[in-house]
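First, one chain by itself in structure tokens, the form predicted alone.
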């Protein structure tokens, strides 16, 4: 029996459990779109911009623990999607990005919208696979899937010449999806870690993005409790552990007050699990110090290339984070009666002092901290929080309490514009849960057009926009480096509540601090999508500024 290469592609994705793909339709992969018509188990989500579609695929990958799937047309479509592929690389999230391409006879001839994707995405994607022969579709898609989930997960770009999709090829029986090879820690490694933990006076555990599923998070909590370890989330990893747990001491960010950094520097052992120990997580490679750290570092990560790349560990362990944590959680404590409680109390006290909210009224706008505190009060226990990038996020990281059963979707790439797409994707994947997105006015107008996608697919999103009419992060740097010389940071914004109403979304405004509680309560209980326009004070550019 014969099929088209496009039909084989869609059959294989369906066999792998893909039930949703995100796209902006394009003529260079029309044959693949046509094949999707026959596979109603795969929902095709048409977005308003490829950047938004890519961010939705990224969020879906985080929520399903399998590769997100993105389809774009060639040239401009692929370039628009590049931001999401960079985010997937930075976050270590598997994405399969299928890009329609010029016909095989046009390759290398400067054809309309032709791009060399190997050169363009070679430093972002884990692999760029160009399929020139439809008979290779089956094995190359399997290879792409395997590569995307192995080692450090990440994006794979699959280039589909337009005419190749019409190749007639032999049908096949779809195989189950490839699985990532998970390595467990050696017994000797667990023994060494246990001995070192029992000797440490001031250990700390840095928990990274690879601690992503419920089982790994549960094992993390057991390890923390059994071994008396304070837990610090890596950059943008506020959800790895319940923030109201007594061992949680916060997450690393761009802005860390000296009271916390000075306390952390007293650590004599760092157990880093599921993190690549990048520049922000290590505070500019100072905690732990690069290349030779001041403390002993035990680095656990599934990709051997990332261990020792920037920081020399006392012990490097190539292992899946969940497997390592499960083993350590059940290992006997090496020394009877040992306790790190005094050290834990020191760090938790510093953390609780930072997260204690003290109202700071301003005559020029709303204290965004009040809004976050109101979200804590009214957000349901199973809420999903979606976080865009910008200085407004400092209030979220400082005052939002992510509790057990809740999730926070952020992006380590720092790209503005992820908030609305993350929320739309999350609400479609989990329509039974409340999805709350936080963003600034800058990010809101980058991909806020995806509110139209939310309405089209009945995605019930609650969007909170902090409007201070500036690019706050950049203005803050200008004030620090070039005081009194602001350039290109002021913004003119719409009435975001009225803007929301034009999409058919309920719009609310918070103009005074006293409005925060009742507006947030009304927004979160409203039966339908909501935008809350918070007219934020421009006097304080982040939650830690004086």
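Numbering follows the first chain given and starts at 1. Just so you know, these numbers come straight off a predicted model, no measurement behind them.
Below: the form predicted in complex with a small molecule, not depicted.
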Seminar exercise, completed: Interface check vs the small molecule in the model of the complex: of 243, 473, 90, 282, the one with a heavy atom inside 4.5 Å is 473
Exercise. In the model of the complex, which of the listed residues (402, 374, 204, 446) lies with a heavy atom within 4.5 Å of the small molecule?
Worked result: 446
For this session: Classify residue 468 as contacting or not contacting the small molecule in the model of the complex by the rule of any non-hydrogen atom within 4.5 angstroms, answering yes or no.
Result: yes
Exercise. Does any heavy atom of residue 324 come within 4.5 Å of a heavy atom of the small molecule in the model of the complex?
Worked result: no
Exercise. For residue 442, is any heavy atom within 4.5 Å of the small molecule in the model of the complex, or not?
Worked result: yes
Exercise. Going by a heavy atom distance of 4.5 Å, is residue 406 a contact of the small molecule in the model of the complex?
Worked result: no
Exercise. Using a 4.5 Å heavy atom cut-off, which stretch among 220 to 228, 453 to 461, 387 to 395, 160 to 168 contacts the small molecule in the model of the complex?
Worked result: 387 to 395
